[in-house]
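In the form predicted on its own, a lone chain appears below as structure tokens.
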């Protein structure tokens, strides 16, 4: 038994799509979330920069005595997972790509045509391709970078014609030319677009890695006897820029109760807090 909190981080508010299923699966666990909203998006940045940012955030979570780190960011998982595991060998660190790849390999056959959409860095890394093919070499995989999705989502431009046009811009030809029947939302921001994608492509099967990672968290904590025996305290949500969209999403997920929202700026090392 381990009543310490679980640390979870993302380049922005997208990782919050992992928080709700995690809370439902593990109601006794406390979370410390960090969204790097001031420096988002990561998906078009240099790998060296992403590693620097991720190390800062992981160090901060470890300083807050987390028992596990969940990387709720495909870009970080694609570029920094092994670096962080090497830096913190005594803390279980779970990336979001491996659990999703296992689901794809298990549920798809050679007849399926799997499309993966993500940031430039995630797609360029071919991390999904490598993980899936290690488990099932016969699956047909196609990838497309959709770099405008994250900045639009961070600005709250989600349920409108602008986003519909952007989705069609990236996906119409990609889906048609490759005859995609299964779509992987390879960025934790993208589940926020799922209703629009399902409306525009009603016959598409969608795999959401934000849900798959929760199964791995439960499995690892159970195997290591690290599940919390009882809920001890509140969830804390940190952001490097407290945008209105970030606060609204947290209040939506938590119901506006039993959570604190805090500001953390790595440049000036100042923390102020705001009660949600």
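Residue numbers count along the first chain shown, from 1. Given the structure is predicted, the values throughout are model-derived calculations rather than measurements.
The discussion below concerns the form predicted in complex with D-glutamic acid, not included here.
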{"query": "Which of 39-47, 242-250, 221-229, 57-65 sits within 4.5 Å of D-glutamic acid in the predicted bound form, heavy atom basis", "finding": "39-47"}
{"query": "Exercise: residue 94 in contact with D-glutamic acid in the predicted bound form, heavy atom 4.5 Å", "finding": "no"}
{"query": "Partner proximity in the predicted bound form: residue 167 to D-glutamic acid, non-hydrogen atom cutoff 4.5 Å", "finding": "no"}
{"query": "Any non-hydrogen atom of residue 150 within 4.5 angstroms of D-glutamic acid in the predicted bound form", "finding": "yes"}
{"query": "Partner contacts for 64-102, taking D-glutamic acid in the predicted bound form and a 4.5 Å heavy atom cut-off", "finding": "73, 74, 75"}
